[in-house]
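Presented as structure tokens, the chain that follows is alone, the form predicted on its own.
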């Protein structure tokens, strides 16, 4: 029992071994894979390589509708889509996905040049 008293005084004088998590968040490690953040739709050529290489079948690319869609609940965060994209327009973030109550898909639709010109003029 008296052996523990030395440990108690030693621990009282040092920093805690753990973080106070909600108050102190750890910075993500460099090159960690946290989530697929989205796509830069202006750069995308809708080739569909990302959807073919996705092992979880989480990405849908529609060339005719010029749309790109990802289901974050199917995504296994492997980063294969980011690596094979020829235009490097798929964005991956180091932070993890926030909890969600609804299973929403992220959909990006490219505006046609006629629509963007008519909105500008």
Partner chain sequence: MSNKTVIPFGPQHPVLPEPLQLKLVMQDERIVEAIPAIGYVHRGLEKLTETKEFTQNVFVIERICGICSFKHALAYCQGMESLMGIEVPDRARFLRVIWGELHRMHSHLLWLGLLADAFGFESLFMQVWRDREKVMDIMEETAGSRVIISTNQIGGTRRDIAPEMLAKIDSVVNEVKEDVERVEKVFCNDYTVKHRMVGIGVLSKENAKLWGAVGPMARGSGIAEDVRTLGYAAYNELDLEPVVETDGDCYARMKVRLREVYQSVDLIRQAIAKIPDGPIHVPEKGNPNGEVISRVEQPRGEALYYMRANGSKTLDRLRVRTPTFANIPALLKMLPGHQLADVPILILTIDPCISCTER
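Under this definition, the rigid core comprises the largest set of C-alpha atoms superposing within 1.5 Å between the forms. Every value quoted in this text rests on a predicted model; they were computed, and no experiment measured them. Residue numbers count along the first chain shown, from 1.
One more form of this protein exists, namely the form predicted in complex with the partner chain; it is left out here, but the text below deals with it.
In the model of the complex, the partner chain stays beyond 4.5 Å of every heavy atom belonging to residue 87. Not displayed here, the partner chain is approached by residue 17 to within 4.5 Å at the level of heavy atoms in the model of the complex.
Although the partner is absent from this view, residue 66 stays clear of the partner chain in the model of the complex, with no non-hydrogen atom inside 4.5 angstroms. Residue 73 falls outside the set of residues with a heavy atom inside 4.5 Å of the partner chain in the model of the complex. Contacts between 32-62 and the partner chain, taken as any heavy atom within 4.5 Å in the model of the complex, involve 32, 33, 52, 53, 54, 55, 57.
With the core held fixed between the shown form and the other one, residue 10 has its Cα displaced by at least 2 Å.
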